[in-house]
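Presented below, as structure tokens, is a lone chain in the form predicted alone.
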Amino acid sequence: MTEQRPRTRIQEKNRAMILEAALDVFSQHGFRGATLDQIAKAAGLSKPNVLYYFASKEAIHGELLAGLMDTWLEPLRALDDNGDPVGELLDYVERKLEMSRDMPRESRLFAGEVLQGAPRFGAFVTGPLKTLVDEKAALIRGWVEAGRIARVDPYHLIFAIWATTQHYADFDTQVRAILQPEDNEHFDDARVFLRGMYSGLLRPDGSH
């Protein structure tokens, strides 16, 4: 078996440029609408140069998704069974909102893949993602049964958090058209609103 030579600094730089450009293109046009020509143009490279580093559009997309997996799981993974349940869940809301603020392209990449039926991401959705969601839903159910949070369905609570935080990335154009923020200050307002909403939902007595 022939050993693969380590990549040179220029090769690493060009691969990173291609992936960064592809993230822009895929998040704007989706997998089906994106082309290698668009990616090459965004990267400032020729199409043959892009194909030197990646065999196909599918290979670039697959590498982007693979790099996103751990990042996508981390906010939910951080839910601590030894922490205050309401505080842990509110912190989770904040972490997801921060991801929408800081990683909007990655969020749209993920959303676009799921909307297409996750043809290239299905094993992740039915494997690591489902396993982690099942684990944290059991934790939340335990908090409910112990009377530490209000009676909520754990799965639908997680889905609701995803919907109300990822919206700010996946529908960024709509949000900005309506609010017309100068920068990202609307995320501060969203954080206050979402913490208040979920605090009222989760506290056993409904108080803030």
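The first residue of the shown sequence is 1; numbering continues from there. Note that this is a predicted model, so its numbers are computed, not measured.
What comes next is about the form predicted together with another copy of the chain, which does not appear here.
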Of the listed stretches (155-163, 44-52, 61-69, 138-146), which one has a non-hydrogen atom within 4.5 Å of another copy of the chain in the predicted bound form? 155-163
Using heavy atoms and a 4.5 Å cut-off, decide whether V125, K130 and F193 all contact another copy of the chain in the predicted bound form. yes
Students should find that, of A111, M99, L79, V86, the residue having a non-hydrogen atom no more than 4.5 angstroms from another copy of the chain in the predicted bound form is A111
Consider E20 of the chain shown here, and say whether it contacts another copy of the chain in the predicted bound form, taking contact as heavy atoms within 4.5 Å. no
Since only the chain is shown here, I'm wondering whether D189 would be in contact with another copy of the chain in the predicted bound form (any heavy atom pair within 4.5 Å). yes
Give a yes/no on whether M197 approaches another copy of the chain to within 4.5 Å in the predicted bound form, heavy atoms considered. yes
May I ask you to check whether A40 falls inside a 4.5 Å heavy atom distance of another copy of the chain in the predicted bound form? no
If you look in the predicted bound form, which residues in 153-183 sit within 4.5 Å of another copy of the chain (heavy atoms)? D153, Y155, H156, L157, F159, A160, W162, A163, T164, Q166, H167, Y168, D170, F171, T173, Q174, V175, A177, I178, L179, Q180
